[in-house]
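Single chain ahead, written as structure tokens, the form predicted on its own.
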Amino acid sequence: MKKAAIEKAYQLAKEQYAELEVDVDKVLSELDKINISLHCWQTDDVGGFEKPGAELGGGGIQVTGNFPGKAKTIEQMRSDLDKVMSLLPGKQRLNLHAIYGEFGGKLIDRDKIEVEHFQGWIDWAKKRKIGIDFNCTCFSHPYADDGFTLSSKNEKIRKFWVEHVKRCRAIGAEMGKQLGTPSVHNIWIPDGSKDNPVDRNGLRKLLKKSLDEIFAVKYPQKYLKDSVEAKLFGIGSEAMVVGSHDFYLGYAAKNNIMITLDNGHFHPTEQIGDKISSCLQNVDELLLHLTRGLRWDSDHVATFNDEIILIAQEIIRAKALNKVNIGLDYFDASLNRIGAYVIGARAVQMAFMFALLEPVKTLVKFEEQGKNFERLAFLELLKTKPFGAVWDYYCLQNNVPVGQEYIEDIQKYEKEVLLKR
């Protein structure tokens, strides 16, 4: 697309939004403040680098598809991430799992990992002036084969995972310290039962005990932010998940830590957009993992759909951008993995732009005056406004491909890099 045409379309869009008392230039300035955390596991289907040829194994999650070109080394993964970030406007971070350390060809068990195994990632991020978020990896391990980790009734196994998470929090805090931006450490465990258990209470007591032991060590929030992630069910945990939304919300509120809302971790008709303002009454911050769940937590690539738009709208309407940490979480190996990243990240950014383009004050005024017709009319009118022209201009401003141009760029990378692996 030609620069002059993009700029002309943007000026026309600005005039239309100005009629609704929306300052589009200000919107783009606000959009620049939004930081998307890119999940490293999309590059290699959640395999990690603990050992050569590692594959995802168990833990209630599954990757489908076998598109050529998955990252097989850390160097390939970093190349892919650099490519992704070169195609995205705005700001990004990296979200890293503990199985992605640089272990030097040695098998370092997870209760023995150290900062040194991730110093290469810290240095990589420092050169790019981005932050890193971190996750303990409580799956794809022999001690997770029976479906229980932090809630295991085998004390040896439970202690192993407690030590692993403790070490991950220490590593995350060091990442935050060195990079000058807090690392968000997220705890997700697969613990649950395929059939109805009798002792739900005992399992949840053990999970609480483990979390209390883990969080006994405190780190400055300027280095580390803690979050816990719930799930409705998973493969092999269809009947009950120990770390349910109710369990973690209560624990997070009581202990002043974040709760993670993954929109693929709830019932298909349950929208997490509605949960945001509720949770923020009781916790200071939230972590979002954005995906597109179909039928079950299938982790499809996020798209610009009603669910993602509602999430963005609720955050903007609540003036809560500074209270929400935004990350992606999906792993689709049925299509070009770089393309999956770019589609998902751009969809989330576009949703926030769409939300920022709302005349929120006017809409709230209509609502408070009981003018429900006018409110609905404005919401419908906004769907026809040229937000695409604003998005194209934002991409132009950021010197990244506009419109469909990124497709050709990714196809070229696929041909020159991915297909040669």
Ligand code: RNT
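Quick note: we count residues from 1 along the sequence shown, nothing fancier. What you see is a predicted model; the values in this text were computed from it and never measured.
Another form exists, predicted in complex with L-rhamnitol; not displayed. Remarks below refer to it.
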Problem set entry | Proximity to L-rhamnitol in the predicted complex (heavy atom, within 4.5 Å), stretch among 73-81, 207-215, 140-148, 325-333 | 325-333
Problem set entry | Contact of H289 with L-rhamnitol in the predicted complex (heavy atom, 4.5 Å) | yes
For this session: Please run the contact check for Y248 against L-rhamnitol in the predicted complex: heavy atoms, 4.5 angstroms, yes or no?
Result: no
For this session: Examine V27 and determine whether its closest non-hydrogen atom to L-rhamnitol in the predicted complex is within 4.5 angstroms.
Result: no
For this session: State yes or no: in the predicted complex, is some non-hydrogen atom of W188 no more than 4.5 angstroms from a non-hydrogen atom of L-rhamnitol?
Result: yes
Exercise. Which of these residues, R158, K231, H164, R93, gets a heavy atom within 4.5 Å of L-rhamnitol in the predicted complex?
Worked result: K231
Exercise. Only one of K225, R346, H265, R110 has a non-hydrogen atom within 4.5 angstroms of L-rhamnitol in the predicted complex; which is it?
Worked result: H265
For this session: Would you give me the residues of 12-47 that have any heavy atom within 4.5 Å of L-rhamnitol in the predicted complex, in order from first to last?
Result: W41, V46
